[in-house]
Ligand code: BGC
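First, one chain by itself: the form predicted alone, in structure tokens.
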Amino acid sequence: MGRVGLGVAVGCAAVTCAIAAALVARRASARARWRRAVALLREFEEGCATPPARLRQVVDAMVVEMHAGLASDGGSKLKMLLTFVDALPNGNEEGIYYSIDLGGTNFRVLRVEVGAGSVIINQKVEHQPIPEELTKGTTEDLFNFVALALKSFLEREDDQDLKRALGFTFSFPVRQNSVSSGSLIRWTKGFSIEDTVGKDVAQCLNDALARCGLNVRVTALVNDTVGTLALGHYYDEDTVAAVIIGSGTNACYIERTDAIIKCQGLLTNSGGMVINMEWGNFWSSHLPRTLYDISLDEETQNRNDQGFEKMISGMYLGEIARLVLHRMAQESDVFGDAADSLSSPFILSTPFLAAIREDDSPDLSEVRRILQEHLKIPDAPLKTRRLVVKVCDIVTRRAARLAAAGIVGILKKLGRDGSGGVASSSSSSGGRARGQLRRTVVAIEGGLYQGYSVFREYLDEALVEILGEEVARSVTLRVTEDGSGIGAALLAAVHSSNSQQQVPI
């Protein structure tokens, strides 16, 4: 071989070695990036861990905060607000009643006709989205919009000239002054109408109704959870609490009057009252908070508030997952050059998170579609799609298990969690033997629990883990349909001036 040939051969060999070295380096770099993504996943999973022992700590912390909130205003992160609802529907209500349900992205008007024997003879519901500009405008504009919608509804029913009792479900923190009046404490769920804070929201609606010429007045101002409790109790008198788990979250329950220390001497007509917990604002050092939860909190208008809600409600779960995926994209390049959209807050909504987690196809085709069409991440390999599913699973599992701990906290406060031994029934409970487990029903509503099967399974599983199988069998979570609207109408029936009978709680 001549010198020229030898030189060419040596050069080719050098180039080949260089290419091989580059390929090896690239593969090594890709493996390192993937290992970084996996490390971030494991770190997130560990930070979100909710073993039974931790959940029981959350239960105990919830009970402590409930006691503190009942003892004094401002004594707890839990508001434990009085509702002045000391009578609930019992199935004997009759007549036609209306309700308005305002508490999120949609607004509803309902007409409910009820007959004796827990029979809903007829109901009509109209849904209407709330224009975004009204959520940040003026009090008068928002309530005029609501009143006009009711007027249009009544005109179609040819019922606008009759005097009607109205239940008003207003799913924001309100300090009740009576069963039919209450002042707004603060807005949540993206609403920010400054001049409404401190005003009586029932009177705001009554004024708007009067401007529309309607002979309708609010007879019951309730939170959505109170409406859900009312509907649950209408069908089953063992219902003692209600929980909403949807875009937001909250809970209420029936408390003994003598346990409400902050208003001793004021309540003498009933043995119990419904308490609106406003549990979205619950906080404890035992909650598994991560760096992503801190980042989420900093993005929101209500920083340092609604900490529990930001961990378990539908408004925020997708955003938590996005924050995790965005960090993975930054530190591991796992999504390649197409991950810029992950930098946009709230681009991954919770319905998409649910669809990703519930995709059981072998190749995760629905995950691929969502990544490509909604997040603009094409050609994500199967192992990357599995990574995305796992992130959504971790977020879902933590949320559901914490929600379960909150429910058990209520049961423990009521002495129905089995921790003090088996609750015996009273002599009026149908003669059940002493020591028999007491049946307990919790009404539950909200798209996250009703429409997301994985969330529901994780929550039910956690209840059994915390309570034990024997006690868990005595607890029923009953889904209510449109409880926040129909329940408000039923409460209007109970508390209207023509109500024949009020049955105390």
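A residue's number is simply how far along the shown sequence it sits, counting from 1. Quantities reported herein were computed from a predicted structural model and do not represent experimental measurements.
FYI, the form predicted together with beta-D-glucopyranose isn't displayed, but the following is about it.
Enquirer: Look at the stretches 192-200, 362-370, 249-257, 400-408 and give the one with heavy atoms within 4.5 Å of beta-D-glucopyranose in the predicted complex.
Expert: Looking at the other structure, the answer is 249-257.
Enquirer: Does any part of S171 reach within 4.5 Å of beta-D-glucopyranose in the predicted complex? Heavy atoms only, please.
Expert: So S171 counts as contacting beta-D-glucopyranose.
Enquirer: M328 near beta-D-glucopyranose in the predicted complex, any heavy atom under 4.5 Å?
Expert: So M328 does not count as contacting beta-D-glucopyranose.
Enquirer: Is Q306 close to beta-D-glucopyranose in the predicted complex, meaning a heavy atom pair under 4.5 Å apart or at it?
Expert: Close contact exists here: in the predicted complex, Q306 approaches beta-D-glucopyranose to within 4.5 Å, heavy atoms only.
Enquirer: Classify T225 as contacting or not contacting beta-D-glucopyranose in the predicted complex by the rule of any non-hydrogen atom within 4.5 angstroms, answering yes or no.
Expert: Contact with beta-D-glucopyranose, yes.
Enquirer: Under a 4.5 angstroms heavy atom criterion, identify the one residue in I244, A241, I275, L221 near beta-D-glucopyranose in the predicted complex.
Expert: Looking at the other structure, the residue within range turns out to be I244.
Enquirer: Just one of Q176, T384, N206, T188 has a heavy atom within 4.5 Å of beta-D-glucopyranose in the predicted complex. Which one?
Expert: When beta-D-glucopyranose is considered in the predicted complex, the option within 4.5 Å is T188.
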